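Okay, so here's just one chain, in structure tokens, the form predicted on its own.
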Amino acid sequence: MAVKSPKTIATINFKGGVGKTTVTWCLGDVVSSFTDSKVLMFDLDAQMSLTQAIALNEGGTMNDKFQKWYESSIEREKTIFDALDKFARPRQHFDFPVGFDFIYQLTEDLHFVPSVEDLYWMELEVFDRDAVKDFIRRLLGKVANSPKLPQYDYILFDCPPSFTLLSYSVLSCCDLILIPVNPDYFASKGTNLILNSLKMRIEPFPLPKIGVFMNKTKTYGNSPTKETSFYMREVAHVCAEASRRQTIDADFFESWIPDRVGVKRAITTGGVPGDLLEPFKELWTEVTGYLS
């Protein structure tokens, strides 16, 4: 039986504080909870925001089950860094079997590959670019062909807030780059910078589709404020201009995520707040429509 290829989505932004980690988690939770899809999430950020949030209970205490699994994963050298280290060794076979000692089961349909502190060394780029470029592609091949793992429908990557070798490996093989932006002065400026640099950064690989959307949207009467609407129009114009000038596929989504204080607690509480379910479902509908 042929192995199906999961759709791969990388959430990026080179500006901190835009909510990419929370967006990655909320999409993973919504998709795995309200569809028949199995989802795998990767935390590839050396700052480990998603991993640390998952490791904590709502009261700020450690999640004992995850902590024991995580410590065992490190001890057995079954982390994402260990996989990268083995892959990058010159003239050696990529011998790294993957199973549930590498992937943590958050729920039946939502699984997770955590980050580790060792990824900090990736930030210093101690690995060679050419040695790392096919890492994620090869690792996903192992995941897809492992008899110990389910067939995932979607794989989500929470990427670092800077362009690292690991980012390069992800963006060169993913189906969609998802960029959350906030309603502020840097929204259009930052989007323009990302779109102008992405194509050059991942050459010679083709640029995936790019979806940009407004996160932390300021609202009045359940609609974006006038100021936020202005920034939304500005970002939409940047996407349209980049698509025209660079012949890339960049789209500004109509769906948006409202600004809610409770969304930061979504990971530790184990679910998307009720008032954000519909916005994230709408965003996911637009994402899947764009991917098809």
Partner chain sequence: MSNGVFREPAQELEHLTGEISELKDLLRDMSKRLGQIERHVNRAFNVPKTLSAKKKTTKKSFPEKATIDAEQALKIFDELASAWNTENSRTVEDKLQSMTVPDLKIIAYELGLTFKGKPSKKALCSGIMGRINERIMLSKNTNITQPKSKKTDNSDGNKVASSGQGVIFKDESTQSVGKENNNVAENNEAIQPNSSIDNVPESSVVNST
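Residue numbers count along the first chain shown, from 1. Everything quoted here is computed from the prediction, not taken from an experiment.
There is another form of this protein, the form predicted together with the partner chain, and it is not shown here; the text below is about that form.
When contacts are defined as a non-hydrogen atom within 4.5 Å, all of Pro161, Gly190 and Lys226 contact the partner chain in the predicted complex. In the predicted complex, the partner chain stays beyond 4.5 Å of every heavy atom belonging to Lys281.
At least one heavy atom of Gly16 is located within 4.5 Å of the partner chain in the predicted complex. Of the heavy atoms in Phe186, some are within 4.5 Å of the partner chain in the predicted complex. The partner chain is not drawn, but in the predicted complex it has a heavy atom within 4.5 Å of Tyr231. None of 249-257, 231-239, 63-71, 27-35 except one has non-hydrogen atoms within 4.5 angstroms of the partner chain in the predicted complex; the exception is 231-239. Among Arg201, Lys86, Lys78, Lys133, the residue placing a heavy atom within 4.5 Å of the partner chain in the predicted complex is Arg201. Though the partner chain is absent from this view, in the predicted complex it lies within 4.5 Å of a heavy atom of just one residue from Gln105, Thr219, Asn196, Ser146, which is Asn196.
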